[in-house]
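Encoded as structure tokens, the following chain is the form predicted on its own, with no partner shown.
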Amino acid sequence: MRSIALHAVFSVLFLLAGARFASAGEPASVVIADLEFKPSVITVRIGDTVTWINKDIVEHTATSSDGAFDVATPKAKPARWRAQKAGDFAYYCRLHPNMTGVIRVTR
């Protein structure tokens, strides 16, 4: 029984390892480097601002799959989006579609 409980705990920790949780009112940052969004999954609250910081030598976008946002992320300049409704927002770079991420917006 103990091994099952430990397995469950480690499974949850493994799933959360890639996620970043912002405190209420704290801006959440995603770094773009090596053609990746880092972290690839973040959790914010309604009203929080997500900032993408592009450290690559090329331009990117952060484009939601459902049309909720389409943010240009030029080289060496931050880009921002404010979360206005709850939900999971999958996004990608229109210029490099293999770059993907998820913003989880909670109440």
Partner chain sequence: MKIIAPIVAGFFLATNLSARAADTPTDPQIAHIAYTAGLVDIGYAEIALQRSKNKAVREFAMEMVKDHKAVNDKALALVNKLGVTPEDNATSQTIASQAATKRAELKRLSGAAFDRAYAENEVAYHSLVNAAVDTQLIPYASNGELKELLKVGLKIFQGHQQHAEHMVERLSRKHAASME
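Numbering follows the first chain given and starts at 1. Just so we're clear, the structure is a prediction, and the values are computed from it rather than from any experiment.
Keep in mind that the form predicted in complex with its partner chain is not shown, yet the notes after this line are about it.
Mind telling me which stretch in 46-54, 33-41, 77-85, 64-72 gets its heavy atoms within 4.5 Å of its partner chain in the predicted bound form?
Flagged stretch: 33-41.
Does Ala90 reach its partner chain in the predicted bound form, with heavy atoms at most 4.5 Å apart?
Close contact is absent here: in the predicted bound form, Ala90 is far from its partner chain, nothing within 4.5 Å, heavy atoms only.
Mind listing which residues of 42-66 have a heavy atom within 4.5 Å of its partner chain in the predicted bound form?
Ile57, Val58, Glu59, in sequence order.
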